[in-house]
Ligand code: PLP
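This document starts with one chain, in the form predicted alone, laid out as structure tokens.
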């Protein structure tokens, strides 16, 4: 008998960002010259001090199961980072933290324990492709809320309020943003948090790109609130520390929510890899080495961004000026999926079509690649336009 998908996944779509990178790799393996500007991961090596910490941990025996919610030293380090900006009356404690196999799992866990059938979750759009699927997997309804071009496609509190219904249970925040690179100001975030508090909504704040910002530091929502009663903050080591393959992310949540997420995780993946957790401890506690590595990585990202924007500006191409993350969101004025296919087939440049982010006239270009590849790729994109 042919395979019939379970109703649980009948509407599920493959991650478009992963699919683009997979196709680019396949073409390279077949002998094609391809510049991959679709990948959502830093192209830098994990810093040496983190790799060395992992080696020491292996030799010390960090090769067994750990607590489902993560080792205590890592949760203590995460709490210390959170409390450096959070000024509420009840500080973040290790029991409020669940370490998972990447921030993607942390986001999924949060959606799965917070939302259910008929709940609606507001998703500022364009937003990361997996947000919509995670909400849907929790049986809830993702509600896209579109931002204006004049604001870098960011949404306002008023736009979220206009999209809300009596079934609205939460809102998904992401700053710096994937796919646009836009960064919400403290005032913009404060307005959204005030609305959510007034309406009794949950706020899930994905801050995985928090330390990759150019013109000014990005703002964590933890610095803007006095209590965390309905707030979940997601972060991890993948982007800021060039540790994508180590698969360590976490959620900071109210104690009862953290306990529920731990219970859920105990029946799915259980604990994240032990050695990766020890590597993450080094990333979060060796502050001088970590800051030096982040500063240098951000400096190189900024050089690439500026070089690519010079090409786009000279050609008069419309795009969102990225203030964080490592993406350019470019308006191609038509079918972005068809354009991305043509660009890969005829020019050997892999980008992600904006339809993955529910904005089909756009494409996402990652500048997490050598600067000469970024400039050449953007030049070919402009030529194709």
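Quick caveat, the model's predicted, so the values are computed rather than measured. Positions refer to the first chain, counted from 1.
Absent from the display: the form predicted in complex with pyridoxal-5'-phosphate (PLP). The rest refers to it.
Only one segment in the set 172-180, 185-193, 82-90, 256-264 has residues whose heavy atoms sit within 4.5 Å of pyridoxal-5'-phosphate (PLP) in the predicted bound form; it is 172-180. Of the listed positions (128, 201, 301, 241), a single one reaches within 4.5 angstroms of pyridoxal-5'-phosphate (PLP) by any non-hydrogen atom in the predicted bound form, namely 128. Residue-level contacts in the predicted bound form: of 231, 208, 114, 160, one residue has a heavy atom within 4.5 Å of pyridoxal-5'-phosphate (PLP), and it is 208. In the predicted bound form, pyridoxal-5'-phosphate (PLP) lies farther than 4.5 Å from every heavy atom of residue 168. Residue 247 belongs to the set of residues with a heavy atom inside 4.5 Å of pyridoxal-5'-phosphate (PLP) in the predicted bound form. Taking the partner from elsewhere, residue 102 is found to have a heavy atom lying within 4.5 Å of pyridoxal-5'-phosphate (PLP) in the predicted bound form.
Though the partner is left out of this view, residue 107 does reach within 4.5 Å of pyridoxal-5'-phosphate (PLP) in the predicted bound form, counting heavy atoms only.
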